[in-house]
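A single chain comes next, written as structure tokens; it is the form predicted alone.
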């Protein structure tokens, strides 16, 4: 058996596919592609598929990862080709290779966030001494988090009537920060809901190299 990491993109209409539906879609695609996938043992056998960091509904991703386990060797380029023959619009296999990083090595994610407001408003929010926002915990409770330290590395550019922010945020651990938290904080500051498009560019290790 061999563990293989598929890098794929999730864009366009596919951003409205929930993570649960994504798992189902990928499972069907792998079967239709005739990939020699390893199945779990037991009464209810299912294909071994894992995702490092599920995307929030409505977000796009350029280099998402999916791990699968093969029962026999298969050329990586052929695996990618077969997947792309059966994947629906908006989902595209980019590459396949033996998994290098373990799940615990996922540290951060790089995002490009397009906010439909002025760049000045975004920069003014980032310049505040604090950016408090309510964040849900895994125990379904809420806690107040100051976003200021997490967005210290953010860059903001004005593009027409939008502000484009690039930022690297913690991902994969207990300290996970969703870009939507900043949108919530900014909307509260401006007193109106901000339209936003979020694109996750890539997943990262602690040393800044890509999670592969």
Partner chain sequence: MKQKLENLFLQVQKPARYTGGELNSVTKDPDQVAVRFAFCFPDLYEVGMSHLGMKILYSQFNNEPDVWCERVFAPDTDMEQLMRENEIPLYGLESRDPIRTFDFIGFTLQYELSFTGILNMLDLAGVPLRAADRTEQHPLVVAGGPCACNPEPLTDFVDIFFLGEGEEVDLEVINLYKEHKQKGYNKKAFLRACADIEGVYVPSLYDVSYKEDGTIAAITPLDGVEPVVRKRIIKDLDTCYYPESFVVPYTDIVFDRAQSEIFRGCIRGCRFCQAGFIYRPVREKSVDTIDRQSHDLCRNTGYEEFSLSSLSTSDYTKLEELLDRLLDWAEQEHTNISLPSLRVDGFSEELANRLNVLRRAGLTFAPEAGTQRLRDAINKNLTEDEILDTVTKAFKGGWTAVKLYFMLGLPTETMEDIEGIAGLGQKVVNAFYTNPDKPKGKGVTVSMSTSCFVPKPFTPFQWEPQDTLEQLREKQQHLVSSIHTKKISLSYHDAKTSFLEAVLARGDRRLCAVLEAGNKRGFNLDSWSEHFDFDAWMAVFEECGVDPTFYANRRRPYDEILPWDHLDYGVTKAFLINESKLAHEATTTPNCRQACSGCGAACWKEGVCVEKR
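Please read all numbers here as calculations on a predicted model, not as lab measurements. Numbering follows the first chain given and starts at 1.
Although it is not shown, the form predicted in complex with the partner chain is what the next lines describe.
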property	result
Residue contact check: residue 39 to the partner chain in the model of the complex, 4.5 Å heavy atom	yes
4.5 angstroms heavy atom contact with the partner chain in the model of the complex for residue 89	yes
Partner proximity in the model of the complex: residue 17 to the partner chain, non-hydrogen atom cutoff 4.5 Å	yes
Non-hydrogen atom contact residue 54 with the partner chain in the model of the complex at 4.5 angstroms	no
Heavy atom contact within 4.5 Å of the partner chain in the model of the complex, the stretch among 172-180, 142-150, 55-63, 155-163	55-63
21, 24 and 195 all contacting the partner chain in the model of the complex, non-hydrogen atom within 4.5 Å	yes
